[in-house]
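One chain is shown next in structure tokens, namely the form predicted on its own.
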């Protein structure tokens, strides 16, 4: 029995700009959790700093806002402590590909059983539109009136070069497809990475709803090989959305741990309280 989406609502009023993609993304997250019958108290979402991070107090689940670029290690630690909880990490393209780049790569390499949602609006919107690693080369941005000098990073190419077990790409203008993608990502056993192409009407007006509508094409099913997937995400004339690539043969990090093979408890169940008062005496 699906859980009504209203169970994930709270009384905090969103403060995103009108037309921001975060509204649809949050609806899709709530809808996906509800349709999977995952209760709010059985869900943890770790949040980044930034516009995406401002969603931490706008959804009725266990939420934790960490430092900039650090929502992924927060999610990893929480998952390893208690695998009964569904764990998602939401992070912006700026935090993910700047301070958080190493966390993304190692989460994919280790194949932790978490879902990573990368909000890609191609700028640092919360701090008035500075360029990020996904901002197109030559694009004029705040502080770069002559255009951005460096080349941009293609998130799909980066993720696929790390041989993920799940990669998908969605679009904030299509919350129904996003819901289906989120459901598949959450159900996947392993590290699911979802790039969300997100509109930003304030600081990235060129990538408007009309611009995306002219370019987006939906994939009916995942690509068969990782090379086909790479070719697809590198396309310039079209943006393919949907589940791009999956590999269910890769074991999760936890399943590789020999010392946990016969464990019937979660790590959180094994935590004990210790009297450290004598130890503290040495520091007085």
Partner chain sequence: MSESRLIIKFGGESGQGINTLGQILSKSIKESGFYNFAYREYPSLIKGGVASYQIDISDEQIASSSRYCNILSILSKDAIHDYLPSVSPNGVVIYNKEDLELSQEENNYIKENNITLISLDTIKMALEVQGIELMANMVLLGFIWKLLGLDTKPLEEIVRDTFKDKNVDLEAEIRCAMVGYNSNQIKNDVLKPITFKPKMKWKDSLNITGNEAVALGAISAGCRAFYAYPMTPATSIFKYLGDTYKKTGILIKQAENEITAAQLVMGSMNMGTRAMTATSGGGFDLMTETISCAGISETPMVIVLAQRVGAGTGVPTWTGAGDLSLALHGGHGEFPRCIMSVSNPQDAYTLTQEAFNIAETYQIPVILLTDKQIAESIFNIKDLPKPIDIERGISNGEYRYEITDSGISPRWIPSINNPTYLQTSDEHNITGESTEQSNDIVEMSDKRLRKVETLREQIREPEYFGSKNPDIVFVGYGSAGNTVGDTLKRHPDVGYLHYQYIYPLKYEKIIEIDGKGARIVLIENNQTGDFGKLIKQESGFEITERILKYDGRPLFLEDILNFLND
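Given the structure is predicted, the values throughout are model-derived calculations rather than measurements. Residue numbers count along the first chain shown, from 1. Rigid core: the largest C-alpha set superposing within 1.5 Å between the two forms.
Absent from the display: the form predicted in complex with the partner chain. The rest refers to it.
For the options 209, 85, 153, 144, the residue carrying a heavy atom within 4.5 angstroms of the partner chain in the model of the complex is 85. Across the options 33-41, 218-226, 244-252, 231-239, residues that bring heavy atoms within 4.5 Å of the partner chain in the model of the complex belong to 33-41.
Heavy atoms of residue 77 reach within 4.5 Å of the partner chain in the model of the complex, making it an interface residue. Heavy atoms of residue 26 never reach within 4.5 Å of the partner chain in the model of the complex, leaving it off the interface. At least one heavy atom of residue 106 is located within 4.5 Å of the partner chain in the model of the complex. Using a 4.5 angstroms threshold between heavy atoms, residue 110 counts as touching the partner chain in the model of the complex. Taking a 4.5 Å heavy atom cutoff to the partner chain in the model of the complex, the contacting residues in 247-284 are 253, 254, 257, 258, 259, 260, 267, 268, 270, 271, 272, 273, 274, 276, 279, 280, 282, 283, 284.
Superposed on the core, the two forms barely differ at residue 264: its CA moves less than 2 Å between the shown form and the other one. The rigid-core alignment places the CA of residue 11 less than 2 Å apart between the shown form and the other one.
Compared with the form shown, the residue 45-residue 273 C-alpha separation increases in the model of the complex, the change being 3 Å or greater.
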